[in-house]
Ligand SMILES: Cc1ncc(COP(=O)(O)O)c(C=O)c1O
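The chain below stands alone and is given in C-alpha cells; this is the form predicted on its own.
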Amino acid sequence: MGFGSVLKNGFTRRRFMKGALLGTGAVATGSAWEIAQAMATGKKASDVRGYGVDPGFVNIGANENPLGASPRALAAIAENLHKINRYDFGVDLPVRLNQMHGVPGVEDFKLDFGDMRSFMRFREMNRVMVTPGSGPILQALAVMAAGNGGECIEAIPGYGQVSRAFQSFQMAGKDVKVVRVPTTGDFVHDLEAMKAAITPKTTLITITNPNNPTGTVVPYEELAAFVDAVPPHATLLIDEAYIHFVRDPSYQDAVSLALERENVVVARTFSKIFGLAGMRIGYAVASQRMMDMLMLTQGFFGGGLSTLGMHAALAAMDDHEFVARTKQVVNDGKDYLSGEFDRLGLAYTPSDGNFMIVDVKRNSGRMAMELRKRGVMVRSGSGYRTREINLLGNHLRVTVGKPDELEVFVNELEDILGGPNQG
C-alpha cells in the first residue's frame, strides 16, 4: 500500500511513519531513536521558538506579528533610550501621519516649538489623534456615545470592545442599549441588517474591516454606500487594525471617508503589520469636529504616547522591507493552513487578516484548552458570543505564525482530531 493510499484509508502521516518504524523490528538507541521518534510524531511546541515567546510554547492566539518587531523600530528604540528622562510631546508622529494620509495643508508643515501659533495652525489642519494603542480610541468613542444614553450597533461575531464598553455603562445604571447584528452566512458584516437596526437613539456603529475574528472584508463600494446611509446623529467607527493584510492590492481603505464625512472615524494600529503590540501605538483619522471632541478625552495630539513609542512608530513607517516580508509570510501561512484544513476535511473562512477561523466540528473552548496543554495557544470562537448568539462555538481562530509554529499547530490538531475527516 502506497503512502497516498494510506492517507486515503484514514491514517495520519504520523501514524504511518510510526507503523513503519515499529514494523522494521529495528532497535535504535540514543539520539538516533530520538530522531526517529521526532520524524514519527512531528514537531512539538518544545521544538520551536517564536519571537517574544517563552521556550516550549507556540503563541498563535493574539494576532501578533510572527516576525517580531520592525528592525528599524528596534534600532530607533535603542538609539533613543537615553532620552527617556525627558518629556516628549509626541507631535512628530501626528504630523507624519497627516502627511501620509494626504491631509490638505500639512504636506510641508513643521511645528515651531518657539511659536505657539504654529500649534494652533496645526490643530486647525490636524485630522489624526495618536493614542497608546487603538483601544483608547474605541473606548473614547464609546464614552462619548454612551455618556448621555444611546445605542450602539456592532456585528457578531466581531471584536466587541464597543459593545463591552456600552455594557459597562448599563451596569453603572445608564440608559444605553447594545445591538449585536449577526454576520451573513459567510461571516461578512450584514450591512443591510445593520442599516435596518439604526434608530433615532443610535449613537455609535462599529465596523471592523477586515473583521476580527472572521477575517472577512467589506467591499469598499458597499462600505461607502453604508456611510452615506448613516444619519448625522450616529458616529460610524471603522476599525482597520488589519487593513494592511487585505490581499487585493487595489482595495481602497476608508481613510478618505473619514476625511470627507463629519461622523466617520477610522482607527489604525501599529501592533499588527509593524510588530509593535507591546509598544501600544494606535491612531484615529477623523474630521476636525470629531478631532475636537477626541481632544477632550485624549488631551493632546500625541495622546500620551511615550518617547520610545513615537520613535519606534516613525521608524517602522519607513521599514517597507519588513512590511513586505510580513505580508508574504502571512499570505504563505494562510495558504499552508488552507491546504492542511482541506486535507483534514475542515471548513474554514478565507481571510484578509493575519489569522483564520476553522470549524473543528466540536466545542472550540475544550479544543483550545487541549491545545494549550500541548503548548499551543489559539483563540476559541466561543469567546465571540452573546447568550443568544454563538456562531463560532465550534471554531478556532488561528493567528498566522512562523512556518514551524503552524506545523506544530497542525500536528497537534490532527492528533486530537484523530486524522483527516473522511466525511
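Numbers for residues come from their place in the sequence shown, where the first is 1. All of these numbers come straight from a predicted model, not from anything done at the bench.
Keep in mind that the form predicted in complex with the named molecule is not shown, yet the notes after this line are about it.
Q: Using heavy atoms only and a 4.5 Å cut-off, determine which of 126, 326, 271, 263 is in contact with the named molecule in the predicted bound form.
A: Only one option qualifies, and that one is 271.
Q: State the residue from 215, 133, 150, 333 whose non-hydrogen atoms include one within 4.5 Å of the named molecule in the predicted bound form.
A: Result of the distance check: 133.
Q: May I ask you to state whether residue 280 is within 4.5 Å of the named molecule in the predicted bound form, using heavy atom distances?
A: Heavy-atom contact with the named molecule at 4.5 Å: present for residue 280.
Q | Non-hydrogen atom contact residue 351 with the named molecule in the predicted bound form at 4.5 angstroms | A | Answer no; every heavy atom of residue 351 is more than 4.5 Å from the named molecule in the predicted bound form.
Q: Could you confirm whether residue 313 comes within 4.5 Å of the named molecule in the predicted bound form, counting heavy atoms only?
A: So residue 313 does not count as contacting the named molecule.
Q) With the cut-off set at 4.5 Å between non-hydrogen atoms, does residue 242 touch the named molecule in the predicted bound form? A) Although the named molecule is absent here, residue 242 would touch it in the predicted bound form, with heavy atoms inside 4.5 Å.
Q.
Is it true that 138, 159 and 208, all three, sit within 4.5 Å of the named molecule in the predicted bound form, judged by heavy atoms?
A. Yes, all three are in contact.
Q. Of the listed stretches (336-344, 91-99, 271-279, 164-172), which one has a non-hydrogen atom within 4.5 Å of the named molecule in the predicted bound form?
A. Going through the listed ranges, the match is 271-279.
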